[in-house]
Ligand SMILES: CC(C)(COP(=O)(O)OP(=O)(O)OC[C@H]1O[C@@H](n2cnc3c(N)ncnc32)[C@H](O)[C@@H]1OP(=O)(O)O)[C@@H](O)C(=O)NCCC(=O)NCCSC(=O)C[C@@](O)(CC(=O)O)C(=O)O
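Presented below, as structure tokens, is a lone chain in the form predicted alone.
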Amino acid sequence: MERLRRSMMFVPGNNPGKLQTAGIYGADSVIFDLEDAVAVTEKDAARHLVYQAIRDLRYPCEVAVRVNHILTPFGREDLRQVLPAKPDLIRLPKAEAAQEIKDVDEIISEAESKHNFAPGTIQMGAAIETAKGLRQAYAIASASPRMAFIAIGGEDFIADLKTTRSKEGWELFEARSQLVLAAREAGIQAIDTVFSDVNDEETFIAEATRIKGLGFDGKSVINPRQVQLMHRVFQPSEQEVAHARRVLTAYREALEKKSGVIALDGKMIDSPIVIRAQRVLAYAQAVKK
């Protein structure tokens, strides 16, 4: 089972208190943000705080850093200062071309070599936030073996489309669908955008349920209150787990009898159903850990 990324929680890189407590909320990943959450005047201080937090604190989850885009005046300096602390993952915003991923990959490789880190142990993720980037989604997703996921940055994407965000999220349906297809073709995970109204749990859960149905592996979140809501949406139900076990039992018995026809409760069981059952059980097992 691949690493769970049901919840990837953003934490402002310039807030010492939030950096210190980021690991206590149960998120699968924390993302220390050096980009949008940090004013230009605080970039240097935030880099230092993030470096110290990763180096000196122990987090019970994946630790990622969202750097500024490498074509901005800040991106390369972000990488230079935080990579020596060895974060688990670097998240690149506003990705629009495979070459950007390759350039960051090269910088990470140089840092791994310089600091005697095992090659390839720092992963990457990238957010698609423009129509141009979406058209390159597969090229971006497959640009480096370090790539673990691609995400959609909904607010910037909607601004690029010159529209507004609705509760139903229909304006993002096409982009979300294409993003999942690109991720699956590249063999990596797909992560959904943030939901900014932390007091509207009903709409958050509805959105999380929709994106799970589309095939997303998780969602970026901005508040600790959203973490357990996400996990409950992605938790396989007892009925789903029980059905998956029955499917695999029927499949195994049919193989032992060398039966060419496999059925359960009068319904045919074919390969995709077996694969889904295996995934449900693997996911349920991973959630327990």
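Just so it is clear, the structure is predicted and the values come from calculations on it, not from any experiment. From 1 onward, residues are counted along the sequence shown.
FYI, the form predicted in complex with the ligand isn't displayed, but the following is about it.
Contact with the ligand in the predicted bound form, judged as any non-hydrogen atom within 4.5 angstroms, is confined among 67 to 75, 209 to 217, 109 to 117, 125 to 133 to 125 to 133. Contact check for G169: no non-hydrogen atom falls within 4.5 Å of the ligand in the predicted bound form. A residue is said to contact a partner when one of its heavy atoms sits within 4.5 Å of a partner heavy atom; P224 meets this definition for the ligand in the predicted bound form.
L49 falls outside the set of residues with a heavy atom inside 4.5 Å of the ligand in the predicted bound form. In the predicted bound form, no heavy atom of E240 sits within 4.5 Å of the ligand. With respect to the ligand in the predicted bound form, the three residues E96, A139 and A183 uniformly fall beyond 4.5 angstroms at the level of their nearest heavy atom.
Shown without its partner, this chain lists I188, A143, V194, A175 as candidates; in the predicted bound form, only V194 has a non-hydrogen atom within 4.5 angstroms of the ligand. The contact with the ligand in the predicted bound form, taken as any heavy atom within 4.5 Å, belongs to A37 out of C61, I54, A250, A37. Taking the ligand as it sits in the predicted bound form, the stretch 144 to 177 comes within 4.5 angstroms of it through a non-hydrogen atom at I152, G153, G154, E155, D156.
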